[in-house]
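Take a look at this single chain, the form predicted alone, given in structure tokens.
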């Protein structure tokens, strides 16, 4: 007889949630990605009314995430979601690049089932580790009958991938969602939802099927006082040649005039450029008269007084992923 309990698959990738410190009170000098997922799950209550399968996809510090990691993870998430008996998937992940991985999975898969990223700010052997409760919450959310889309949960708050960001370097509630705020809360396995589940048109695994070594190079540059564009010129000259640039501008995506001149040279040379903001809140809102530029790598930005193409509400790292996917779809390579 088939078990009535929902099946959740945990795909482990390392991170602080699997970290170890030499001393139990050291919450900053630990080594990420040391504990296997079987050990993390064994520490959770045995009374959970759900079935859990686990797979160690990677064992890294998320600061070291790369294209190959993203491709492998997207493939494994898709494979588990395709199983009819799987209710949802949990991905254990480091917080440093969690927002990037979540957004990529959101755009590529846009799943009808829940994919919940879980993380921690303290290592597994901390005096008061936050990982076990965060993982328990993620399992409950992934098993929820109505949940769908790429989500993240931390410190009891639930977020959707769009707008997600790491907003603090040390606090246990390090994740935030900008102006949109959390999607809801989860307390003792009970979900209170305040906003709709995330939706998008899935691009599919074909969007990231190319060998990672051939993915186009997209970099982020920062506008600041005295920015002269030398970094942009260096990126244009250095192989492999940059295919796309995200500028994290000041305020509403404003850019130092010398840096903007360099970005326009890059645009004219066929490099795709998008304008975001370095501000922690808000996005870029174009004025009525602002141009939006031509398509990817089209080599022009419209009239000379038009703004560079905008990334809208996307954060700089989300804008980088969006442009990367655009370039992949357009056949651009290194």
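Here the structure is a predicted model, which is why all the values come from computation and not from measurement. Numbering follows the first chain given and starts at 1.
What follows is about the form predicted together with ligand ASP, which we do not show.
Position in contact with ligand ASP when the complex is considered in the predicted bound form, options 266, 284, 32, 308, heavy atoms within 4.5 Å: By the 4.5 Å criterion, the partner-contacting residue is 32.
Contacting member of 111, 253, 94, 163, with respect to ligand ASP in the predicted bound form [4.5 Å, heavy atom]: Only one option qualifies, and that one is 94.
Contact stretch among 141-149, 217-225, 244-252, 119-127 - heavy atom within 4.5 Å of ligand ASP in the predicted bound form: Among the candidates, contact is made by 119-127.
Residue 318: touches ligand ASP in the predicted bound form, heavy atom cutoff 4.5 angstroms: So residue 318 does not count as contacting ligand ASP.
Any non-hydrogen atom of residue 61 within 4.5 angstroms of ligand ASP in the predicted bound form: Contact check for residue 61: yes, within 4.5 Å of ligand ASP in the predicted bound form.
Any residue of 8-25 that, in the predicted bound form, places a heavy atom within 4.5 Å of ligand ASP: Heavy-atom contacts to ligand ASP in the predicted bound form: 15, 16.
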